[in-house]
Ligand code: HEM
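This document starts with one chain, in the form predicted on its own, laid out as structure tokens.
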Amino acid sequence: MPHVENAQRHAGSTRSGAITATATHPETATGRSVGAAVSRGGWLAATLPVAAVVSAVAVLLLALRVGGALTQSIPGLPDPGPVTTWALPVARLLADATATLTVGLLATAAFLLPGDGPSVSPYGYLLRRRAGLAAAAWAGSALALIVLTVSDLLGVPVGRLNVPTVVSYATSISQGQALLVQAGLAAAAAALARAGVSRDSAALAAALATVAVVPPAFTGHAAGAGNHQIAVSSLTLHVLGAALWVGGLAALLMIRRATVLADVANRYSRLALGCFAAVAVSGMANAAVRLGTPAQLWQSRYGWLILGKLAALLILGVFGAAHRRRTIPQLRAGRRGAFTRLAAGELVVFAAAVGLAVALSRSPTPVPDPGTDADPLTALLGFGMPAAPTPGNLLGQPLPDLLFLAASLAGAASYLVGVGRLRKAGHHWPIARTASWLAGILVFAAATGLGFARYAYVLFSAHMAQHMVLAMLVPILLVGGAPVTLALRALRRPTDPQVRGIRQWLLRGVHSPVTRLLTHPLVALGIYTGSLFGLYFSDLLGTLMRSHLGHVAMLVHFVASGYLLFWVLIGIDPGRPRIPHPFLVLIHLAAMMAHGFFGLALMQTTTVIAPDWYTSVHPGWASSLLDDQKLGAGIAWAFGEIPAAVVMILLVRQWIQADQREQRRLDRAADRAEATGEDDDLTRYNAFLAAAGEQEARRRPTR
């Protein structure tokens, strides 16, 4: 691989001290061994990519035929031609494959492989280079998908499309916008992957690639499904889990040295287990929405493809169990052959599953899109108009969002595991902190998943109540749980000091310049109060409400901005700045005044906020839009009083406790000084004042 060796040599000559010469110069013994080990894959390296491609394409073509996506064109209707018909699913397959490879290679280089100080390891460097190529191919595939999708939608062959039509689709239609965003993020990940050697930049590139996987999930089959709160969110979890799972396995097969591979494979197996659970649960949830009834699983062509994916998932689960029981122990003993053969077979099955997934995205579903239903409201909301609110309707008729539900379960489970690990080690963790965290998780899950969430879509007053709960009550409870402190005490250090575990990344995060900027009191206050006025006194609210991605991002921002402000004010976790308590009291008073002014300004406005949205979803049993808006303004003005008072009490209490701790410290210092005959801080300070007074007296002129 001369191009890899030249790149390594160039990287070693253009940076100073970021990575050792052994890792960057192929003329050294270690550099030659790593380069040769990666280059020489034998028959497996030559045949595995071919086998994976053949498996994916063959399954894709068969599944397209079985699923009914390759139907014969109807005379008289627009036909995009055979090029688009065949190239579109192939381009989708290529985009999915390169996306998966990019995410897996970058995540392995940044998080699974040991590093070389602040830099990635030699293997990590090679994985970054290959990830850059895969990301560039991914960006090109996404752009090609834009052109092919326009051709398919309009029924016009590719050669007859004009540039303005394609540009209009990419900038005005949600599907085109998602592909354009994906192409841009993939291109950024490609540039970042090949731009440096640090582990921080590798982690940033991996984060960009992971985010780039998401946008199309919000605009495909699932986005048009009834109850798209489940369909879209489950598809998002599905593609993220699959990308990390499959891409990580492909990265492992590029590591030829068994001594390095053993530890990496062990860390990957834990990641793969979580991805397997996420893919299985999210896949079943999405299939349930798209199939409608269990009978469609064997009565419809779409259901047959689902059964094929289920079979592939079960086979992959067997592969994973075999890895954990047999091949990883053999790797520790220096025998790599069994792992390589099993992983190669697993990757071929993965390729077939990707082909099935692409075919599913092109196949008609048993449950038609709500756009074809008589009720346009279902197409817009994902559910029908709820009845007039009653206590039973608000608490019943749940509307769970799988992203929020998964985050709630993961947050509660990981916290309890951390507490259990501390107690097992004989350490104490306050029960009040555990209760505060779990209460915050429970309130968050209730506000985003119970029947109340339905009314937050159609009533401004319900939306405002949800906003206040998520931005004030939930963050205060979560901050009281001190999750960062618990994580730093409970997380174990990796056995290899060159591996950055979750604890090390968390420490780097809380002490990073970005965190220092965001936790400045004025910055945190500006984010919290600025979002109140920016969201409701502009057209932003209506735009976000029309998109499931926008709605999810808005709710996440409510919690994040509130958590940031209250972490600065009353948090006890490390990473927050040390600020005098009087200044914190002033910041809190400023937040209270801004919140009250926002409520009053909202009550006095005579213009309906987000009129396009609320006019289209306004219930017949509700009061007028302006009356409901004034009710929401009253909720915003009144809701903050009790949480603000609680925060003020906590601030004053912390102030008193800080003064008491300082006084105890001074008392201990005075006791030590009295016992040893040395001056303490107070004595030295009094002596300084006396000397200053004498000096000032000598300077005064005598009369």
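Computed from a predicted model, the values in this text were never measured in an experiment. One rule holds for the numbers: they count along the sequence shown, beginning at 1.
We do not show the form predicted together with the ligand, though everything after this point is about it.
Visitor: Tell me, please, which stretch of 533 to 541, 386 to 394, 239 to 247, 105 to 113 lies within 4.5 angstroms of the ligand in the predicted complex when heavy atoms are compared?
Guide: Only one stretch qualifies here: 239 to 247.
Visitor: The ligand in the predicted complex: within 4.5 Å of a heavy atom of each of Gly283, Ala287 and Val358?
Guide: Yes, the whole candidate spot contacts the ligand.
Visitor: Although the partner isn't part of this model, could you tell me whether Phe566 comes within 4.5 Å of the ligand in the predicted complex, counting any heavy atom of the residue?
Guide: Answer no; every heavy atom of Phe566 is more than 4.5 Å from the ligand in the predicted complex.
Visitor: Can you tell me whether Arg92 touches the ligand? I mean in the predicted complex, with a 4.5 angstroms heavy atom cut-off.
Guide: Taking the distances in the predicted complex, the answer for Arg92 is yes, it comes within 4.5 Å of the ligand.
Visitor: Look up in the predicted complex whether Leu506 has a non-hydrogen atom within 4.5 angstroms of the ligand, and give yes or no.
Guide: Because no heavy atom of Leu506 falls inside 4.5 Å of the ligand in the predicted complex, the answer is no.
Visitor: Wondering, does Ile306 line up within 4.5 Å of the ligand in the predicted complex on heavy atoms?
Guide: Heavy-atom contact with the ligand at 4.5 Å: present for Ile306.
Visitor: Consider the chain as shown here, without its partner, and state which of Ala344, Val556, Ala487, Leu313 has a heavy atom within 4.5 Å of the ligand in the predicted complex.
Guide: So the residue touching the ligand in the predicted complex, by this definition, is Leu313.
Visitor: State the residue from Ala353, Ala190, Leu331, Ile146 whose non-hydrogen atoms include one within 4.5 Å of the ligand in the predicted complex.
Guide: Flagged contact: Ala353.
Visitor: Is any part of 93 to 107 within 4.5 angstroms of the ligand in the predicted complex by a non-hydrogen atom, and which residues would that be?
Guide: Counting only heavy atoms within 4.5 Å of the ligand in the predicted complex, the single contacting residue of 93 to 107 is Asp96.
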